[in-house]
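Here we start with a single chain on its own, the form predicted alone, put down as structure tokens.
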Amino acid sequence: MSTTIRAATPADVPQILAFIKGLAHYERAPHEVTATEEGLLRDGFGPQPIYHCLIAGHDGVPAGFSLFFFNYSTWKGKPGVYLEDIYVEPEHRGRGIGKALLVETAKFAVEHGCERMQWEVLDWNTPAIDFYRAMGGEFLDEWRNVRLSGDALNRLAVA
């Protein structure tokens, strides 16, 4: 049995959206997905891609993905990678696919001169927390995530 990791192509967009929906279901928020194939195609495969995506396959079957984009550390003066999503289909878990995706995402970051890679995990997701800890992930408990979206974002934009 073999696992492969490769860069996503435009033909993968339906599968990327399926993975996103699978992750949202796992995270108990399937109703929050509003992404579309058109948007994913535009934003990931246009002349200036906003995100990058890796697809994991196991024995030729799509098994998972990682989707990430660049951020920038003003203190370090270097780019970083923000891992927006990493997901492995339930039937493929326990085969090292998540680790392979994390490794390849880290390779991408290093190859692009990034100082760090960061992401978020839900506080109830103990399997993921344990996995990230085993991979050397550092938990920054003193930091709070902040989000501005929807009406609040629009109000601020016109203030």
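Please read all numbers here as calculations on a predicted model, not as lab measurements. Note that residue numbering begins at 1 and tracks the sequence as displayed.
What comes next is about the form predicted together with another copy of the chain, which is not displayed.
Highlighted residues K76, M117 and E120: every one comes within 4.5 Å of another copy of the chain in the predicted bound form, counting any heavy atom.
Although the partner is absent here, A18 lies well away from another copy of the chain in the predicted bound form, with no heavy atom inside 4.5 Å. With a 4.5 Å cutoff on heavy atoms, L140 counts as touching another copy of the chain in the predicted bound form. Among residues of the shown chain, L67 is one whose heavy atoms approach another copy of the chain to within 4.5 Å in the predicted bound form. Not displayed here, another copy of the chain is kept clear of E89 by more than 4.5 Å at the level of heavy atoms in the predicted bound form. Residues from 13 to 31 that approach another copy of the chain in the predicted bound form with a non-hydrogen atom closer than or equal to 4.5 Å are I20, A24, E27, A29, in the order they occur in the chain.
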